[in-house]
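Next come structure tokens for two forms of one protein chain, structure 1 first, structure 2 second.
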Structure 1
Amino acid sequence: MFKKVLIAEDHEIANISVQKTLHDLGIHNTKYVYYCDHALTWIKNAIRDGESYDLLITDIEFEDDDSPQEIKDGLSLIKAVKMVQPDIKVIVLTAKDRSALINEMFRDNQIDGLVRKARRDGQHLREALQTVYQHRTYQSPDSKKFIQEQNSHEFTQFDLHIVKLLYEGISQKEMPEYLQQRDIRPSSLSSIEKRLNLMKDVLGFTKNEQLVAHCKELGFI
């Protein structure tokens, strides 16, 4: 089983449980941190001392607070960690239902395990630890189906820009100007309309209100 594990999780309550789970599995050499920056520091120091970590268990969403951080979310942390230690195993522990970014990283083998915070998450975490230790990938059952649902519509960067502008209260007729200023193309009103229609069509919506709420709910914007 893993020997040395680092836990990055800002919620104290979740952090305690992960520690306890590891402890019950006989992993005693664990370190827990509440900030991404601290996690990277500890990993770097461990490499320097020739005692690098085997595994990183990290959340995705970290809340901002008074102490400003360089790295503000788990995905950025993973990228940074992989730069300094490409062979480290990574298990992601997240409350988010679905996210295109997580799925992408999972497919790109940046992530070895994916556990969704849900009813049986403790058991799923134990399964993930076992599986990942055997150099296989793991994802909890409930997160699997979301990846499939995900395929309903693949939002492009352009799509997200438009929806974000809508969410910010920009009218459609003002959008071409905004997009041009930010060097985003296409930028014409027609393209915006066409794209909005396509998104609504695919997702079975009739109004922009639904589209914006949907994207907001899924954390795209």
Structure 2
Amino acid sequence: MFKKVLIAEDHEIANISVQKTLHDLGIHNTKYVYYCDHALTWIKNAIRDGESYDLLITDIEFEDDDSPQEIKDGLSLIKAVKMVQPDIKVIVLTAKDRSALINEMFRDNQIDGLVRKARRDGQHLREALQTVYQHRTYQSPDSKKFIQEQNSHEFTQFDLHIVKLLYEGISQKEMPEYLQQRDIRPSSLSSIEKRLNLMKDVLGFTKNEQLVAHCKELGFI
């Protein structure tokens, strides 16, 4: 089992709960911090001292309490930590939905486990610790269901025409003319923007590039 664990969590009660779960599994060498900058500093210091952490457990969202911080969220912390210690295991423990980014980080091997803060999250954290220790990835059942619901979208032919044009490098403003040339209706700019915004909202994306990459991965383009 993991020997040395760093917990980045800005809510004290949640932090104590995570520590108890770790102690129940026989993991006693734990350190907890409330700020992402502090977490990265502890990681760097441990590497310098030749006593690296085996595991980072972090939330995604950290509240702004007017204390100046360079790293403001857990996902940015993970990326910074992986730059200095690529082999560290990472479990995300959160109540927030950032499904698109989390899926991307799973694919890039930056995250090993995801536990959603909800009922039975203590049990799910135990399962995550045991699974990730065995070099396998873990998503708690409720987080899988939540992500699947967030990522469900039934693409229409119109949607696919729009995405294909984006893939071909056609800007949104140019799309109405292309659609009209191909006798595709509707073809107004407002209709295009509405469908693009709907697809991105449902799938949890913020950029058209993410939507195109998702559709390419699904084999739509």
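Basically, rigid core = biggest C-alpha set you can superpose within 1.5 Å across the two forms. Note that the structure is predicted; figures quoted are calculated from it, not measured. Sequence positions of structure 1, starting at 1, serve as the residue numbers.
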Query raised in the report: Looking at both copies of this chain, which one is the form predicted in complex with the DNA?
Result: 1
Query - Core-superposed comparison between the two structures, T30 Cα displacement 2 Å or beyond - result: no
Query raised in the report: After superposition on the rigid core, does the Cα atom of L6 shift by at least 2 Å between the two structures?
Result: no
Query raised in the report: With both forms fit on the core, is the shift of the CA atom of T21 between the two structures 2 Å or larger?
Result: no
Report summary line: The CA shift of H214 between the two structures, rigid core aligned, in angstrom, is 19.6
Report task. Just grab the Cα shift of N197 between the two structures for me, core aligned, in angstrom. Result -> 7.6
